[in-house]
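Heads up, the chain below is alone and in the form predicted alone; it's given as structure tokens.
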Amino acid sequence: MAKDVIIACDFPNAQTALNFLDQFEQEKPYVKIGMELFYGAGPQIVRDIKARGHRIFLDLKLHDIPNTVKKSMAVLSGLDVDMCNLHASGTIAMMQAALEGLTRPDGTRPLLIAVTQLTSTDQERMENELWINRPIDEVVLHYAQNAQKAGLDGVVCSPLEAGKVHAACGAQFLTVTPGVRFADGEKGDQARVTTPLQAAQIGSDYIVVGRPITAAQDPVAAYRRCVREFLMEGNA
């Protein structure tokens, strides 16, 4: 199974994002376009970054009634992204509708993954604010199994849960994991985090890394360090 580092290009406008990517003269990193950039620059930023040769994870986290999500995914399927997502908490019916909408007439589609619990959510917040009283690991696994039943390709989860998701859903069920920080870096607003090396050892298939790369003094060097730790040292 392919593994990779995805850079979270959380920028407010197209020019900032493209200027950032201009620094990568030798590599074509896998890029995440989230809500900030998509809402700030519109669908054209997806086309522009794709035209440069980057793979794209479109991270819009859809969550609505099944019919609305189905129609929205049908629109997104025309952008030629490589991966997109929605919230697993939207139910199996919503995820099945999303998959139907995302699939093109020729049968092709991007990878579709479901967000289990955000990495900014911890046990206390989940219980006190969301009124979910099961242990967070159990909730993540249950949502992952629902996503698998719906026919999805994998889930977004914390690296801490990646191995358990694989154990429950199989090695081919993708784990895409934000919440990755260098050992000598800041956690920021993430509650459940690991290093790139730890994420590889636990079982992450893709790690999503934002500020440790985008806010680094030398983003290219930070990206290469991340690749080295996740793909090379992690497989040693």
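One-based numbering along the sequence shown. The shown structure was predicted, so the numbers you read here are calculated from the model rather than taken from an experiment.
From this point on, the text means the form predicted in complex with a small molecule, which you will not see here.
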Note: exactly one of Val208, Cys169, Ala41, Ile56 sits with a heavy atom within 4.5 Å of the small molecule in the model of the complex, namely Val208
Using 4.5 Å between non-hydrogen atoms, is Ala8 touching the small molecule in the model of the complex?
yes
is_contact(Pro178, the small molecule) in the model of the complex, heavy atom dist at most 4.5 Å:
yes
Should His63 be classed as touching the small molecule in the model of the complex when contacts are defined as heavy atoms within 4.5 Å?
no
Within a 4.5 Å heavy atom cut-off, is Val156 in contact with the small molecule in the model of the complex?
yes
Check all three, Lys32, Thr119 and Pro212, heavy atom within 4.5 Å of the small molecule in the model of the complex
yes
